[in-house]
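Just the one chain here, the form predicted on its own, laid out as structure tokens.
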């Protein structure tokens, strides 16, 4: 029998999971964890409810804090997708949140829970890496920020301790930056992506000041090759350059094969969707 514990503070929630000694887990929206429990892929004695946490400033909100966009640990994917702040400052994240599962899932699932699950084929992780976002966690005594690129370490695995509670996400706001996310689903659009491409760029006088391209759903972690994108710095993002970056990413990626596509198919979809995502950010910069 599974016991449900509702916590009002971050410290209480962390303590409850820690006291479980591996048999307790945090639960927010529960869209992933409950399914895993039903399939008997996860066994726990205690579920620690965190939706009612009230001592974390901004837990249920999205707000601008100086040069950072803050998204609290209790914020749902639907709220991320519908936020004017997210759409304005991080449109790629709004787009990624809007295409996770279906509306029922998005109305229950939180961005924090999505991060903690570390599903290799979910949409937000690649975007968070591309935006240089930080995941803010509470260990019961203090909070710390971990770069998203350092959080995801393997299939359904993170660098966080099992008792680390994700209390929010901090996305740096950079003047002149634009972003885009492309989800390619080989089956239903409600399905997880076969390939996801997240691009973030900053332009200076029409030339690339910075560029990040991150590939999701092709491996255990979001994939990026800065040595490829850095070659675009100081140059105009013209069609030949976009095609070259897309080709080099397709050559660099070592994709898995599953029911959503073979390794060869995924590599070709990386080629196509990297180019199209770059075209999207280039067009946004011209607007």
Ligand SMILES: Cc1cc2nc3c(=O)[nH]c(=O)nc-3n(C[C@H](O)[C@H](O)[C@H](O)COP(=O)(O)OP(=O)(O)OC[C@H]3O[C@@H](n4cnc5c(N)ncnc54)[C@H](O)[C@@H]3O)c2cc1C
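Residue numbers count along the first chain shown, from 1. Remember, predicted model here, so these are calculated numbers, not experimental data.
Heads up, the form predicted in complex with the ligand isn't pictured, but that's what we're talking about next.
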Which of 142-150, 212-220, 112-120, 79-87 lies within 4.5 Å of the ligand in the model of the complex, heavy atoms considered? The stretch 112-120
> Do all of 26, 29 and 193 end up near the ligand in the model of the complex, with near meaning a heavy atom within 4.5 Å?
Replying inline: yes
As a check of understanding, the residue in 94, 166, 129, 178 with any heavy atom within 4.5 Å of the ligand in the model of the complex should be identified as 166
| request: Answer with yes or no whether residue 59 is in contact with the ligand in the model of the complex, where contact means some heavy atom within 4.5 Å. | output: yes
With the cut-off set at 4.5 Å between non-hydrogen atoms, does residue 33 touch the ligand in the model of the complex?
-> yes
- Message: Is residue 173 near the ligand? Define near as a heavy atom within 4.5 Å, in the model of the complex.
- Response: no
Would you check, heavy atoms only and a 4.5 Å threshold, whether residue 182 touches the ligand in the model of the complex?
-> no
Checked 78-105 against the ligand in the model of the complex; residues with a heavy atom within 4.5 Å, sequence order, are 99, 100, 101, 102, 105
